[in-house]
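What follows is one chain in structure tokens, specifically the form predicted on its own.
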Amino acid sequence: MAASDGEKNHETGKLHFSLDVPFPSSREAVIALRSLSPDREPRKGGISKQLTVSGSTLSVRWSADEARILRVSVNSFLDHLSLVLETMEMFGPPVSQ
């Protein structure tokens, strides 16, 4: 897993954070994306999160108004990601169809 340091865009005043999560295959990365995408941020304003897959890497990008909101969102995402990874490990690699 690779994470970028939280950065503040001085033009917009927004904080940004990025996380790249490698998976053994692109299929597993897509399964993780689909499992994690339905979760909306509990607060309507102040934060946005974008999930994408490139090859076998799941990338997440956050943009927030406040450090506290960003921290809560990243922590919540990591909890959900951990659960997805544990579930994938328990059931083994996905079967190709």
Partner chain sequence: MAAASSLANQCCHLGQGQWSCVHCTLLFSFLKTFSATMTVVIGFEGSANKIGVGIIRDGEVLSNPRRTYITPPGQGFMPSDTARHHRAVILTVLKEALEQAGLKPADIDCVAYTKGPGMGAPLVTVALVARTVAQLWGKPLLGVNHCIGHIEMGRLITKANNPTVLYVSGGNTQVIAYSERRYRIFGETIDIAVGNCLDRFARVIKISNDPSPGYNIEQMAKKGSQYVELPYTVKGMDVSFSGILSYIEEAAHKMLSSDQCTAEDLCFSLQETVFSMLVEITERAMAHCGSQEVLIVGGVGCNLRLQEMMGVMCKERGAKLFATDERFCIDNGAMIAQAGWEMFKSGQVTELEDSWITQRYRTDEVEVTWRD
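Numbering follows the first chain given and starts at 1. Given the structure is predicted, the values throughout are model-derived calculations rather than measurements.
The next section is about a form of this same protein that is not shown, the form predicted in complex with its partner chain.
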Exercise. Taking heavy atoms only, is residue 70 within 4.5 angstroms of its partner chain in the predicted bound form?
Worked result: no
For this session: Decide whether residue 25 counts as a contact residue for its partner chain in the predicted bound form under a heavy atom distance cut-off of 4.5 Å.
Result: no
For this session: Check whether residue 16 has any heavy atom within 4.5 Å of a heavy atom of its partner chain in the predicted bound form, and answer yes or no.
Result: no
Exercise. Taking heavy atoms only, is residue 34 within 4.5 angstroms of its partner chain in the predicted bound form?
Worked result: yes
Seminar exercise, completed: Of the residues spanning 73 to 91, the ones with some heavy atom within 4.5 Å of its partner chain in the predicted bound form are 79, 80, 83, 84, 86, 87, 88, 90, 91
